[in-house]
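Below you'll find only one chain, the form predicted on its own, shown as C-alpha cells.
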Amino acid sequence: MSGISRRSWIKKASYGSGLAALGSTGLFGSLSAEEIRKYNPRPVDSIIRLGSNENPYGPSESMRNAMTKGFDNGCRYPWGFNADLVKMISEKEGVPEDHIVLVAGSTEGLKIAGITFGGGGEIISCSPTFLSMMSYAELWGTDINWVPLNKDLDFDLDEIEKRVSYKTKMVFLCNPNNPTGKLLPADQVVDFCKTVSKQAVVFSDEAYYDYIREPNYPSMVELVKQGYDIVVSRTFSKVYGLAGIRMGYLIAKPELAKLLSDRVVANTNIMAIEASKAALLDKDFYQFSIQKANEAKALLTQTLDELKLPYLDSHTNFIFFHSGRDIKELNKTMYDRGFIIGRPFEPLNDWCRVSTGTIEEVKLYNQAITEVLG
C-alpha cells in the first residue's frame, strides 16, 4: 500500500472502519461510554505520533477544568500561586517544602542542574540516554565524559565510579533509562548513589518513575531525605498527560535546591500550576493512564514476538526493540505510512523506540510495522 493511500486509510479508520476492526471490546475494553468521554481521546489523525513518549489521553477533564478556571488569573505573574502546588508535592514526596524546585518541565530542571553543578568541570553519564542536560551543559563549557552502556544495555555503574575524579562535578543517571526503558538493580543503584554523591552531585532523572512495575522500587528521593548530594527530577509530562503544558520539579536538600532555584529561567505559568494541582488529585486518571500504557505495551510486544524481534523489558511508556534496520531508513518508511517513531540513539542505530499511543493507534501501528518488517 502506498504512503498516500496508507495515510488516507488511517484517517478513514479513525472515524469508522478502524473501530470495527478492534472487535467487540472496542477501543477501551470494559470502560463505559461515560468513562471514555471523560478522558476524551483524540481521533487518529493522518500522522500518528509514537515518537515522543507522550500520554495521548491527557489532560484529563479535571485538569482542563482547572486550567479554564485559571484564566481569571492569567493577568497575574505565576510565582504568587506556586505555594499550594509546592505543598502538595512536598506531601506527595515526603520532604519539606524547601526541598522542592518547580520548573517548566523537567527538561528545564536538567538544563539548570547541568550548568549549576557541571560548570568548570565534567559530567559523567552513559550513552545512549536522555541528552538535554549534557547537550546544554556543553554549550557552557562543561566536558562530558561518556561511558557506553554495558553489554546488557544498562548504565555501567562500575565504570562510571572508576572514572569519577577531581574534575567530576556531576554524575547523571536516567532511571528508568530513555531510550532503553530499563531499570537499574535497586541495591546497586542505592549503593552507587551513596558512594558517588560524596565526591560529586548525583542527578537521578526519574521522569518515568510512575511506570515502574517492580514492587517497592526505591526512588533516590529517599537518599535526598538522608542528606546526600543527590538531585531527583520528576515531571507532569508523562503519566499526567501534561507534556504541552510544561511542569516538572526537582527534589534536593535545601542548600542544593536554593542554588537550582536561583537559576530557574522560564518559571511556571498559571495554567500549568492549576493543571498540576488537579493532576495530583485525579487518582482515577493516573491509574487509567498507567493501565492504558501497559495494555499498549502488551500489544506492541505481542507483535514483536510474532515478528521474532528482540526487545527490552520496559518500565516506561515505550518499547525499545532491535529492528535490524537503520533507524533513519525505518523512520522514513514508517512516516510515509503515517507514523512518527523514535529518533536515532547512537550507536544503537538499528534499534527503534516506539511510544505507546491510544489502543487504536497501536493496533494500526502494529499492522504497519508487520508489513514493513514481517
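Numbers follow the displayed sequence, beginning with 1. Just so it is clear, the structure is predicted and the values come from calculations on it, not from any experiment.
Only in words, not in the display: the form predicted in complex with a small molecule, which the text now covers.
The stretch among 203-211, 222-230, 113-121, 271-279 whose residues place heavy atoms within 4.5 Å of the small molecule in the predicted bound form is 203-211.
Contact annotation: Phe81 falls outside 4.5 Å of the small molecule in the predicted bound form, judged by heavy atom distances. When the small molecule is considered in the predicted bound form, Gly241 lies well away from it, no heavy atom lying within 4.5 Å. Among residues of the shown chain, Ser52 is one whose heavy atoms approach the small molecule to within 4.5 Å in the predicted bound form.
Residue contact check for Thr235: one or more of its heavy atoms lie within 4.5 Å of the small molecule in the predicted bound form. This chain appears without its partner; in the predicted bound form, the one residue of Thr303, Thr107, Thr168, Ser289 with a heavy atom within 4.5 Å of the small molecule is Thr107.
Of the listed positions (Arg246, Lys253, Lys297, Lys182), a single one reaches within 4.5 angstroms of the small molecule by any non-hydrogen atom in the predicted bound form, namely Arg246.
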